[in-house]
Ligand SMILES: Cc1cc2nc3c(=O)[nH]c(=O)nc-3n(C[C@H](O)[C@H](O)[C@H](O)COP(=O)(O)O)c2cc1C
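Below you'll find only one chain, the form predicted on its own, shown as structure tokens.
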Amino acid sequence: MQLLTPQQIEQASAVVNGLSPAQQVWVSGYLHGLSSQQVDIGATGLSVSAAAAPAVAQKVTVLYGSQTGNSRKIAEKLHAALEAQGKDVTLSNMANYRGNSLKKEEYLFTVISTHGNGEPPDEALGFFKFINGAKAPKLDNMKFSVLALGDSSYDEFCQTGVELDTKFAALGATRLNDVILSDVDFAEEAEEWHNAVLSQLEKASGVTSSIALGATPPAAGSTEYTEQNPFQAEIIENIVLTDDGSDKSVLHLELSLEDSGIKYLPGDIVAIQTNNAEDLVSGVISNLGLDPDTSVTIKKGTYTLREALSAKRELTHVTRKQLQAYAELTSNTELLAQAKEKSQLEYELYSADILDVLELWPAKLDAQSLVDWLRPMGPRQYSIASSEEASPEEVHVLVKHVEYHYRGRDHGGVCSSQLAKSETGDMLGVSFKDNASFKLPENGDTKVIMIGAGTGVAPFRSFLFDREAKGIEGNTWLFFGEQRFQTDFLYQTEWQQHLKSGVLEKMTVAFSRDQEQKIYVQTRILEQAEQFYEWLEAGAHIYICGDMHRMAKDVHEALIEVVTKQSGRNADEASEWLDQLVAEKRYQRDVY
């Protein structure tokens, strides 16, 4: 039986091919709505019916706080599915959400990531300040659910989501289900949360839903590249930027995106797929005396032990919480006591990989217990160092090769070590993340202050090449820090060319090891506090990229000091003023 004529099929295909996934979900819901009336299809005798829509629409808000786009994408999919069901649904970013609106919410579904070590994303700072302040309203009429995204390599795993869930309940809101905590491999938890949300709304409305997360395919003729389906990019250049005599090896890689259709903007992030080194995988298996072909289960998938340890589980780093779990699993009371004490085992946690743990505190684990204990391994994320305007169908990355010797064995970063060994022509699986919290101002005449140390200068290379390609000159000031001028001045000739052409108006450098007293970028900021503040008063946007624990923290303290001395504000007032710059997207950070 052919329900559509060839012409109708052609017309329908032409419409669908031009729609985004979210729009396709909406059309699906629209057609479902039309089918709620009894439909008789000619002489076939076929009839289609559906339950009538509820008499009263449920008011739903989907709220998100995102740093690299994961929370936003999950929220957008839920919003599209609810909209397709005919819900009165609003999608909102925490940066734009008015806190007073909380008291009017009926259903609030929130996706929130944890940034850094237990902090909200920058765009969510204002929202968190509001709900933890005296003006936070009672939420007795609100029902809510929270999906928390995080990375278990940090001690405060999913802390932001946990705090939000606790705060909503404390304000009187009704929790529909326990907060769901998701790690770097969050796809299944996101689907679980999505389905739980729809189920709760179904119970309240009496209407059954058939729209599932991820059910909508990308438009015909296009491919959506994700962490689960990465694009295979060819390495077209791989060079070492640091000179002989440097204490480190920093790589510049150029990858081809030819025929991928991938688009990105300055400030975005590229995620590179990686596998654990074969010798490390074999060492772990051998230490425990396990069969590498033993079957193990990870969520809904089944793998051999070797497959799981190669591509699915983190082996190069161990966390304090993970060490505590290992001590409990192996009944090692002495190790448990040490792991719980933050002043203990600091060097081991900084240097050890999983094989070191098994050698330092020997125990017997079966294959499944081992896999269950280990953390999931995700792709490694890097700030993009190129501009699509200047280098079409390419993406450039700047990577420090992590390598060190510990306990008689060479250790290395899982991805950086792979990249250091890679050659031109090799293929890498890549996907991209929209970093909405690290974007150039729309007005090209706006002043831009860029502060980066080491590989943290990568996005600023992207910024400047993008401005050059668009013919924008001046109003740019780059602070760059490294160890030594002679060996570590990354992209030196490019910065000089930008200065000569006028694309880069001013550059200030800090090389910490070239003199007895160490000098860092924050030192240079304080030295030029007057001009720095003049730029801020003129509307400059500040961008910081680098290590969150030291560099970014120290630069922030320097900014408070600059504002205090130059404006007459006290430290608290200066801090609040910088918070306001964050809310206005004039102070953006890409830290790791």
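Predicted model, so just to flag it, every value in this text is computed and none were measured. Residue indices: 1-based, along the sequence shown.
FYI, the form predicted together with the ligand isn't displayed, but the following is about it.
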- With the ligand left out here, work out from 491 to 499, 92 to 100, 477 to 485, 68 to 76 which stretch has heavy atoms within 4.5 Å of it in the model of the complex. 68 to 76
- Item | 4.5 angstroms heavy atom contact with the ligand in the model of the complex for Q381 | yes
- Query: Is there a heavy atom of N117 no more than 4.5 Å from a heavy atom of the ligand in the model of the complex?
  - Reply: yes
- Query: Would E394 count as touching the ligand in the model of the complex under a 4.5 Å heavy atom rule?
  - Reply: no
- Query: Are any of the heavy atoms in S113 no more than 4.5 Å from a heavy atom of the ligand in the model of the complex?
  - Reply: yes
- Item | Contacting member of E192, E156, E389, E105, with respect to the ligand in the model of the complex [4.5 Å, heavy atom] | E156
- Task: Identify, from the list F465, F432, F168, F186, the residue with a heavy atom within 4.5 Å of the ligand in the model of the complex.
- Result: F186
- Query: Can you name the residues of 329 to 343 that have a non-hydrogen atom within 4.5 angstroms of the ligand in the model of the complex?
  - Reply: none
